[in-house]
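Take a look at this one chain, the form predicted on its own, written out in structure tokens.
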């Protein structure tokens, strides 16, 4: 019976003592988590660079994407493959995987040796030795593995959340850059119109038909337009650099451009009643925080016992006397809980558990509030964009046509026609800003929902 028991202990110790760290470190799970959240081409190209042949394939994919004008999806794809910050986040998986394996291992046995030399005669030295190990670890290993497993799942969820956040940040940066380019182009047209008005006013001033005040007023308007154009061009540089940083591009990779225009608004909004539910159930950062709470809950039972018994050990000790006789016997070491009985460690674990639990509660409150705020921005941006698209811009275009007709019959001055054109350009710039704000709010909602599209009130082709 004793032999069988010792054999089982030895087998458990051997199993617990021999383990390897899987090199994939849970990355396939991360890929599956994001597979149904990102559009299919992007989800399939999330890659962890680890110095193998796949690195070259990822680098070539980035090079191919940059050789053509980038779409929004293309920019996101470059960021997912090339952003070194995201690659650094993947290393957290390796750390958590190693911790999980480590949690299943027994601590190494301790060997102690001591020698005492005789002060008289030439006899051999006296030897004292012992080999001890903390076999109580076998009792705590399952609990430690559960804690490490929860933390591993937490890291996988947090890593997936980082991927979703990077994709959302890159798409938002692309939208901002695309809008900045369109705004700069519209502002350039406004500056040209102001220049034409000033030139005409200058000719009239030379003929003595307008006052010096009118000429100065027109010059001030021209300089104001030039300042606006400089700011608009500066905005294109700033938004381009933001996008380049997210895509992980260095200076020698600066010859890239963006394609297309801002997309039109979709026909329907997300269902307002489902926004908060979709965010709370889909947000990966919140899911990771819940895993952190679960890990803290698992560690509650370990805290006190681990501090008390972590130094206990059992083994074999012996002595070789100076007359070369050998004595053997069991050896053990056991900490005496006279001063530290584990209460501080247990209290710390309880406090950390409550801390994590309340953070999760606050995170859920924050997410719900952010979802309502993003939805409000979305609805306001749509109303504004629709008003400019359906009412303001057509009205400004009609004013330009009517002004030209009156000008052809000498019924109005050319300056009124130019002012109407300026008003039309201003309305178009505000329309661009409204469309940009709509897509930024839409991206924020998708980010909050963990990368998932929130169902609309009425889906094309049927109810949601």
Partner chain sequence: MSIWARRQILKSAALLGGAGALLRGTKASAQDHSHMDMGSMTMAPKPAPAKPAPMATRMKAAAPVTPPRPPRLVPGTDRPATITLNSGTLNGGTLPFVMKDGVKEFHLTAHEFEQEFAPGFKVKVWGYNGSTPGPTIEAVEGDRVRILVTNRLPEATSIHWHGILLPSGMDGVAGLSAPPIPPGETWAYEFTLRQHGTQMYHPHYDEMVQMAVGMMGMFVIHPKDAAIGPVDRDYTMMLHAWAIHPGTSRPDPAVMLEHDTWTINGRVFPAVEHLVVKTGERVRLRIGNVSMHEHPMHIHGHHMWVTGTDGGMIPEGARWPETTIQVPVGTTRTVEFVADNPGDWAFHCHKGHHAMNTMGHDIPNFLGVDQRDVARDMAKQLPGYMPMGEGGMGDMGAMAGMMPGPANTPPMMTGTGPYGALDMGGMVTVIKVRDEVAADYRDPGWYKAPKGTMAWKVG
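Positions refer to the first chain, counted from 1. In this text, the rigid core denotes the largest set of C-alpha atoms whose superposition between the two forms falls within 1.5 Å. Quick caveat, the model's predicted, so the values are computed rather than measured.
One more form of this protein should be noted, the form predicted together with its partner chain, which is absent from this view; the next part is about it.
- Screening 209, 391, 261, 112 for any heavy atom within 4.5 Å of its partner chain in the predicted bound form leaves a single hit, 209.
- Checking 432, 62, 417, 34 for any heavy atom within 4.5 Å of its partner chain in the predicted bound form turns up a single hit: 417.
- Its partner chain in the predicted bound form is not approached by residue 395, whose heavy atoms all lie more than 4.5 angstroms from it.
- At the 4.5 Å threshold, heavy atoms of residue 423 stay clear of its partner chain in the predicted bound form, well away from it.
- A residue is said to contact a partner when one of its heavy atoms sits within 4.5 Å of a partner heavy atom; residue 71 fails this definition for its partner chain in the predicted bound form, lying far away.
- Taking the partner from elsewhere, residue 203 is found to have a heavy atom lying within 4.5 Å of its partner chain in the predicted bound form.
- The candidate stretches are 433 to 441, 408 to 416, 53 to 61, 26 to 34, and the one lying within 4.5 Å of its partner chain in the predicted bound form by heavy atoms is 408 to 416.
- Annotation for 191 to 208: interface residues with its partner chain in the predicted bound form are 192, 193, 196, 197, 199, 200, 203, 204, 207 [heavy atom within 4.5 Å].
- With a cut-off of 2 Å and the rigid core superposed, residue 200 has a Cα displacement that reaches or exceeds the cut-off between the shown form and the other one.
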